[in-house]
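The chain that follows stands alone, in the form predicted on its own, written as structure tokens.
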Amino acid sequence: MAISPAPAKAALTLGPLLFNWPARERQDFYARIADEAPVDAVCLGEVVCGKRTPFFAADLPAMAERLRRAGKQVVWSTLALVVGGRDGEAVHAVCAGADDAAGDLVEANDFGAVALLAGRSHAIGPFVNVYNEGTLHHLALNGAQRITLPFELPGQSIRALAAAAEPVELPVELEVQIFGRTPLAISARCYHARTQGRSKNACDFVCDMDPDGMDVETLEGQSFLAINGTQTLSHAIGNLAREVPELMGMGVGRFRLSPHQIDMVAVARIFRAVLDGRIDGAEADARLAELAPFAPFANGFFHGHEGAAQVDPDSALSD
């Protein structure tokens, strides 16, 4: 399969907002991303909990149009877990409603959406398990032109996928998330609601109390996870700033940032500078630490360690 080599100017994507932010805050966030952030594509839509969608659905067309006017591609992300008829209808609506003529893409985050998009150019989100060349080949033949690889893949697996060379009609771009808390699991149960003594059906949307996720501690008081509604995330912030040159050398040409309630324009500028070779990963780490003090950084998955580990890339290369 022909994998697109890293372009002269690697592309930067802002992934979907995973958290339950107020509608006005969401509007302001995407307006600033459109006007100021050096990103090439922006994912819109709800991935975690379909119950949240009515609070911002009416704003999505205006957000999308502003992003397009700013020269950014709009990517419509689907739910990662469909748990009922209403969720299924929402996924159908996203797949049918994207404006192909405007250059929009739909990003499938489960295989139901993959089936709905068969034969049509689309993207594959990181919640679809793409662990080997056979799956990559199948999805490319199904119409996927872009695949964001799962969060937990080690670098050697990314390298193997990028090196796949079986011919297909169209090349497929590979994308890797390089900043943001790492989604680890999603459930039909709502953990956030349970912590407040509520059920999922009567949750009162308590997940809006934690705009970057709610920290979970061990019995010894050590932070090790975060929860976001039905989703479990890492406590640490995944950060591959120092691994970007290696990823580009593998042939990865697209890189994803996951939104948090920090200055994401500044985050995007830092990673744009890394991708352009204007600053190195160490300098990027120092700047990012000032912007995102709410959790430590981690890169363990990439280096084949536990995900929460922070590995020195230079030491890893010498091992």
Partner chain sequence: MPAMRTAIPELICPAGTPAALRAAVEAGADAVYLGFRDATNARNFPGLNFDEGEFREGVDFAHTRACKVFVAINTFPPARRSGPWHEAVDRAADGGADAVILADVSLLDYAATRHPNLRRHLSVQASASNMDAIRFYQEAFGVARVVLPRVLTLAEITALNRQAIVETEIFAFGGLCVMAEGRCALSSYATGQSPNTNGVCSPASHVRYEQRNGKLISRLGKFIIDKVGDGISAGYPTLCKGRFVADGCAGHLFEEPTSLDAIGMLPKLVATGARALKIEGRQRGRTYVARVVATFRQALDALANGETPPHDNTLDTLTEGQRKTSGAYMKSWQ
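Numbering follows the first chain given and starts at 1. All values derive from a computational prediction rather than experimental measurement.
The same protein has a further form, the form predicted together with its partner chain, not shown here; the description that follows concerns it.
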Item to check | Residue stretch of 171 to 179, 192 to 200, 242 to 250, 97 to 105 approaching its partner chain in the predicted bound form, non-hydrogen atom distance within 4.5 Å | outcome: 192 to 200
Checklist entry - Can all three of 11, 39 and 312 be found with a heavy atom no more than 4.5 Å from its partner chain in the predicted bound form? => result no
Next on the checklist: Residue-level contact is defined here as any heavy atom of the residue lying within 4.5 Å of its partner chain in the predicted bound form; does residue 74 satisfy this criterion?
Outcome noted: no
Next on the checklist: Just checking whether residue 220 would be counted as a contact of its partner chain in the predicted bound form - the rule being heavy atoms within 4.5 angstroms.
Outcome noted: yes
Checklist entry - Does its partner chain get within 4.5 angstroms of any non-hydrogen atom of residue 121 in the predicted bound form? => result no
Item to check | Heavy atom of residue 19 within 4.5 Å of its partner chain in the predicted bound form | outcome: no
Next on the checklist: With its partner chain taken in the predicted bound form, which residues across 99 to 133 come within 4.5 angstroms through any non-hydrogen atom?
Outcome noted: 109, 110, 111, 112, 114, 115, 116, 127, 129, 131, 132, 133
